[in-house]
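Consider the single chain below, provided in structure tokens and representing the form predicted on its own.
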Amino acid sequence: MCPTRRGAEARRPEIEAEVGVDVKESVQRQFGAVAANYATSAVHVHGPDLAAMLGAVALRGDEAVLDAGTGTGHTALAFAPRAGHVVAVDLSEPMLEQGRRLAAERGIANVAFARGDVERLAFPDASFDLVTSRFAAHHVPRPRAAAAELARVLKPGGTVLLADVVSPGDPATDTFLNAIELLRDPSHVRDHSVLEWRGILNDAGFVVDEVGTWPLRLEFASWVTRMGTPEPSVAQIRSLLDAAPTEVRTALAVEADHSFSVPVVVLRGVRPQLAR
């Protein structure tokens, strides 16, 4: 190996750390300004993916649940009546404040909202029976580190439920979707494919199965308004959708008003019981 390449590889962890910090700062800037929009977003308040998550695990009613990347807490609040207590973690304090407000309005008292980083969770090993993550994983700079943390804080036999927008898989649509996502939201990292998520969770030690996949229609005006996307970026996204290749327009079901649809998957990962 040449010295130049060796030096570049030696610096790579520092570069990755800097990128991770930048993304996390971007998440806080982006979502801090629009937190109230996510408290009322129909995409986040309900949907077939959330119903599937609730039906994907049988709870006794005394479980400890972690909602990782909770946003304004819709998933945490949905699981709270079925669990003993829920800890809802997010990087954005304004988003957490919206979650606390929603919990108070609904009279839900068994959810604790706390600022935290899913790549470095401040909980002991084996703290939770269930971990959920919904529409948050595409903001994580190092998903393998996050998956390892979720495995660490789960009890043996515990379950992780991951719901997120996923890339349709073919390279052209993958590139296009992630490009417009990043134009809309600079804190976006990547919509992974189902195959990629399976690999990430498998490598963290989970036994993975797919609960289901659904199309999510994103009404264009509300999609960009919810994130407060600047008008020049909105115009650029419209132009890209207009000029997209036929296979991309078909895969994303692009409509005349620039609304489009993306696949959402719910994956279930079980941390195996310890061998006796």
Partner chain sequence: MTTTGNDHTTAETIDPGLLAILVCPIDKQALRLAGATLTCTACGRVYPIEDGIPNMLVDEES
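Numbering follows the first chain given and starts at 1. Bear in mind that the values here come from a model prediction, so they are computed numbers and not experimental data.
We do not show the form predicted in complex with the partner chain, though everything after this point is about it.
When the partner chain is considered in the predicted bound form, residue 97 lines it closely, a heavy atom lying within 4.5 Å.
Interface residue remark: residue 171 is not counted as part of the site for the partner chain in the predicted bound form, having no heavy atom within 4.5 Å. When contacts are judged by a 4.5 Å heavy atom cut-off, residue 157 does not count as touching the partner chain in the predicted bound form. The closest non-hydrogen atom of residue 116 lies within 4.5 Å of the partner chain in the predicted bound form. In terms of contact with the partner chain in the predicted bound form, the residue from 112, 148, 194, 182 that brings a heavy atom within 4.5 Å is 112. Remark: none of the three candidate residues (217, 244 and 258) comes within 4.5 Å of the partner chain in the predicted bound form, counting heavy atoms only.
Comparing 118-126, 196-204, 162-170, 67-75 against the partner chain in the predicted bound form, the single stretch with non-hydrogen atoms within 4.5 angstroms of it is 118-126.
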